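As structure tokens, one chain now follows by itself in the form predicted alone.
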């Protein structure tokens, strides 16, 4: 079957050797972790939990440092704490990390000043500098990606097992500059409220609430590079199933969601919970075919549909797709990606996203699902724990002129710490408002 968005490697023998080597290395995740996430997603499908998926647009090898990993964990933990407080339900944390090294491109070739070279497809494939040597797809980068993912997951697990995510001490999660945020006081009020509640419950019960001492962090990435994905796909005799053990939650982008494509063929054969991005151009029949092929047994927790329409078109396009999926009778988790449909360029060609448009799409998503008798069970965000200036707006009112100050992304713009926290606050408040409307009706 045709495999879209795959790099062309000049040395097939070297590529085969690397893929073979990778297939013999230990898996990055375990099947029981994968199955645990599937159970969490099934609960979110029933409205008993909410999924927070966030992280870098594209990870880079250079940013595989303890400081960056800790910052990612801190922002996910802080956002989930705010959502837990506002939503009054568990929050499932899924990081775009430990494998988000490949990116789809709109063209195979990039041209600058009359020179044409292969497009940069992420650190898993080639290098970003615009030189002939850097842009040649290099099979050794596949192994480097596996190694960086392993280092990331190992450090995350060590932090979690060491008590980093203990709800008794959420003050540990503060980033160095949290005090500069206009939302710092509100966040610290939430922290005090939760800490006081835990102290009260443990005093009354006479024992510690052990589930509050750790928070699972699951890994996710776009399952784009098929050779990387298949090299760590294992058949487990005791389960009688194939698992992609590069990650807990792989997803399919719209560019690779063709029904006759190799990505759909690969994904339908693995047992992982999985996501599919849907957006403008996705027809009713197409989404029903995706549901039928990827979840033919109507298995709870298996399929997540991540919609990304843009603030101006979500209310026009989403209702019909919700109805189409409802007509299949298959359980799905609906997640809103308010980032990708709202990408635009400034006058000087800098890619950015307007915070108001991101929030507007989220508001519309909650409202449309409510009106359709469905519910929004998660959010998918590109964000960072760093103080970047890549998206305009938010509490600090960043403008186009601020973008050049701390613009670090090599691909798409991300929410910075304050903007991500403001989104978390909005989600918690939005849900409370919708809940009151439902109870009142």
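If you're wondering where the values come from, they're calculated on a predicted model, not measured in any experiment. Residue numbers count along the first chain shown, from 1.
Beyond what is shown, the protein has a form predicted in complex with a small molecule; the following relates to that form.
Residues of just one listed stretch (327-335, 72-80, 253-261, 115-123) have heavy atoms within 4.5 Å of the small molecule in the predicted bound form: 253-261. Exactly one listed residue, out of 386, 412, 402, 63, brings a non-hydrogen atom to within 4.5 Å of the small molecule in the predicted bound form: 412. A heavy atom within 4.5 Å of the small molecule in the predicted bound form is found for exactly one of 319, 310, 137, 104: 104. The candidate site formed by 96, 222 and 277 is fully in contact with the small molecule in the predicted bound form, as each residue has a non-hydrogen atom within 4.5 angstroms of it.
Looking at residue 340, you'd find a heavy atom of it within 4.5 angstroms of the small molecule in the predicted bound form. For residue 57, a non-hydrogen atom is located within 4.5 Å of the small molecule in the predicted bound form, even though that partner is not displayed.
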